[in-house]
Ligand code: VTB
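This document opens with one chain alone, in structure tokens, the form predicted on its own.
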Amino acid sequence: MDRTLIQEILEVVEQAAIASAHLTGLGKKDEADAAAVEAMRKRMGLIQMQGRIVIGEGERDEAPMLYIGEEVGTGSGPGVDFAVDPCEGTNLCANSQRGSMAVLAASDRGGLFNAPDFYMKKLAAPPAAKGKVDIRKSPTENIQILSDCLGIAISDLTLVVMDRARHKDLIAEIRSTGARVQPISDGDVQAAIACGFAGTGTHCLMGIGAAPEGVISAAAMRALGGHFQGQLVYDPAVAQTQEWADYTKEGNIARLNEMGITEVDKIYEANELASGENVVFAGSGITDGLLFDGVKFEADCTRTSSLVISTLDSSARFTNTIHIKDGAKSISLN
């Protein structure tokens, strides 16, 4: 990977966001996902690289996929591995709710953990708390550490947790400390990354979400210098999801073993989930969110708001792009 790829990677997520945004609020989550997938695939195909999808839409997902192992790009140039979620938060997009975005992580070959379509216990926190909070500690302990590291009273801390039945006890414990809980219905990637920036009002992400999105979050947090840890969840009794109604703990362990994951309880650090020498995160808002605005359609242009975080030059670029339509007559600055 090199810096010349960053602009093209930005355009990949922009085009995916625009494609999905045409279906925002129409209740068509699968169609929005399909539109984003095809736009992302088409733009990736123009990049001079030997690209490979290592994390796609999910092995068990029946939605349209950029499938694991799919080759993208022109077939010449650097080898690049991608973890993609063309429409992260399909329900959010379908219902015109906050936080949906097109997102990907990229790295040199072999630089991204091939996360299976499992669940993952996650802990994301600001750079000041890196290596001090720990997923092995209780929520109460980590909240006190966060307070000490950030110099913020516990009562002023806000922790994001997915609004799921499995998090009932977690939410109760967080609130018992006096800290605030911000439940979200979907889209924990943006919440995790928001922990890496001061001033977002988000101080920590705790709880269980999808493992592939954990790798994407880890790539961004590694580049930001923030804290991210993940631990695979394979027990249906812990995941508490209808999707795993017919799965067993033993069966899931066997499947992980078949994929070469023998340390099923291993706790992964950000630099293990995104281990490449060069790592890039890119996201573009479909709907408005914590970090950037959603796509805005106007008479003469389409506006996108995006973020690219890179270890190549230790940068985080917030980008507002005006995509000018043919025959445009008047384009405002804002």
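Numbering starts at 1 and follows the sequence shown. Predicted, not measured: the structure shown is a model, and the values here were computed from it.
Not on display, but discussed next: the form predicted together with the ligand.
Novice: Would Met162 count as touching the ligand in the predicted bound form under a 4.5 Å heavy atom rule?
Specialist: Met162 belongs to the contact set for the ligand.
Novice: Is there a non-hydrogen atom of Lys249 within 4.5 angstroms of a non-hydrogen atom of the ligand in the predicted bound form?
Specialist: Result no; Lys249 lies far from the ligand in the predicted bound form.
Novice: Given that the ligand is not shown alongside this chain, does Arg166 nevertheless sit within 4.5 Å of it in the predicted bound form, heavy atom to heavy atom?
Specialist: So Arg166 counts as contacting the ligand.
Novice: Can Gly187 be called a contact residue for the ligand in the predicted bound form at 4.5 Å between heavy atoms?
Specialist: Yes, contact at 4.5 Å.
Novice: Can you check 153-161, 116-124, 173-181, 218-226 and let me know which stretch has heavy atoms within 4.5 Å of the ligand in the predicted bound form?
Specialist: After filtering at 4.5 Å, what remains is 116-124.
Novice: Only one of Gly209, Gly111, Gly73, Pro139 has a non-hydrogen atom within 4.5 angstroms of the ligand in the predicted bound form; which is it?
Specialist: By the 4.5 Å criterion, the partner-contacting residue is Gly209.
Novice: Listed by sequence position, which residues of 66-93 have a non-hydrogen atom within 4.5 angstroms of the ligand in the predicted bound form?
Specialist: Only Glu88 sits within 4.5 Å of the partner.
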